[in-house]
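Below, in structure tokens: the form predicted on its own, a single chain.
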Amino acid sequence: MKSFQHVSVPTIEGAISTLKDYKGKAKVIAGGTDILSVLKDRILPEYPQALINIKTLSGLDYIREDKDGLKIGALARLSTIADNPVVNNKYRALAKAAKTVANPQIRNMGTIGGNLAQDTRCWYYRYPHQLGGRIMCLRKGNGPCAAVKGDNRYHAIMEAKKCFAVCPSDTAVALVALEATVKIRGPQGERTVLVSAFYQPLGNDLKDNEILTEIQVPEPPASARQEYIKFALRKPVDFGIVSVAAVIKVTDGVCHESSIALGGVASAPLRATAAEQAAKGKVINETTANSAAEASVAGARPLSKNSYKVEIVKTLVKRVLLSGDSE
């Protein structure tokens, strides 16, 4: 690991000002579970001059509820979110997603802001510089996507063109299903972005001088079923190969509204709108679940080694529709 400056800041304004001073050559560190491995492997063409430590910001680790719904500070730990009574009672899909992240040590260190803003896990993108030189791609400024003709087992099967890396965040999938937004603050002030719009084909919506400050989750209907299911090879520690989150309003066995999000299939968590429409107004049974599952993958375009993901998506969509609320 090369040397860098480590700058602690006492306020959000101070963090933004310091980022601006470094003119795009600084990164933010909170829990540090992702950025330190990025620096250690020197995967980025331009090594940052500084890490701006925002763990010193006070009052940004809250979890509270008001008339508009749930508010979570970006520095709230994943373990705290997973164990919070309000989150477990009313925002269960998020609690379930937070509980699946890595292992207890990571959840005790990692923040929800970091989980949302973490870099992709594509192994070509993450290839260590010290092992023969980094592999360039569009995410690093220039180059083809090596996954297209290479080992693409865990890459995108939907809505991918020049980059086939997938969003690795568990909590993002649940938050998309919950129709959550994030607050971002920078030199130009504060803005709010839907979590579903936070991710771009080559990264996320954060600019060089901005930080994510809060997650806002509208309160779902009290009677709504909520679920989050992740398929991973080693369940206690692995990133999800495919995940599905759902918020489903069912009355007398009939689906009136649903919000279904897919993870591990694209550069962002995707709303499975075709699956939602297939279930709307229908009795939730095996036939409806099968129809919604088929609709969820109608736009899939697998690569050479990841067509198996299509069947996993269908299976998980079917399970979230039929399972009800499982604790």
Partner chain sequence: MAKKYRFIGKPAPRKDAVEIVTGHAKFVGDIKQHGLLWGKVLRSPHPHANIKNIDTSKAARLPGVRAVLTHHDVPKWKAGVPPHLPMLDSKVRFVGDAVALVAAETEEIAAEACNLIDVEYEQLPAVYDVEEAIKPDAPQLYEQFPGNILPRGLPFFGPELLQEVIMGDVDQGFQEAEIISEGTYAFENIPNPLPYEPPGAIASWDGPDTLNVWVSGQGAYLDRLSVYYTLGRKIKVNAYGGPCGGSYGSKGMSLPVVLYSAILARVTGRPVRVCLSKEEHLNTFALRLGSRIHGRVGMKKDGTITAISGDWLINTGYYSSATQGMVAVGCGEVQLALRCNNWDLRPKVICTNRCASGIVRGFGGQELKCALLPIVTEAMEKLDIDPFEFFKKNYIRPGDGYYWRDSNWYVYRGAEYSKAMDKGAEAFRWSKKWRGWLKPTSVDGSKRRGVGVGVHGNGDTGEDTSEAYVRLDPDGTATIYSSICEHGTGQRSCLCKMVAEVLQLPLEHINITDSDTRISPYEFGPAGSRGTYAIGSAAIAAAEDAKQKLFALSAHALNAKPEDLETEDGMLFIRGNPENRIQWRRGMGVDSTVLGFGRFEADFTLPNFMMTFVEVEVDTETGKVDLLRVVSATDVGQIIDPYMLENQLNGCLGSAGIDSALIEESVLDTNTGRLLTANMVDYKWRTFAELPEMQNVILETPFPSHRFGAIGIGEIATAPGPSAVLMAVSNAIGTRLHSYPITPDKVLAALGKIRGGDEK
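Residue numbers count along the first chain shown, from 1. Everything numeric in this text was worked out from a predicted model, so none of it was measured.
One more form of this protein exists, namely the form predicted together with its partner chain; it is left out here, but the text below deals with it.
Interface membership of residue 238, defined by any non-hydrogen atom within 4.5 Å of its partner chain in the model of the complex, is confirmed. Contact annotation: residue 132 falls within 4.5 Å of its partner chain in the model of the complex, judged by heavy atom distances.
Contact between residue 222 and its partner chain in the model of the complex is not found at the 4.5 Å heavy atom cutoff. For the chain shown alone, residue 161 is not a contact residue for its partner chain in the model of the complex, no non-hydrogen atom being within 4.5 angstroms. Considering its partner chain in the model of the complex, the lone stretch of 238-246, 211-219, 184-192, 89-97 in range is 238-246 [heavy atom distance within 4.5 Å]. Only one of the listed residues (128, 141, 203, 144) places a non-hydrogen atom within 4.5 angstroms of its partner chain in the model of the complex, and that residue is 128.
Taking its partner chain as it sits in the model of the complex, the stretch 15-47 comes within 4.5 angstroms of it through a non-hydrogen atom at 41, 42.
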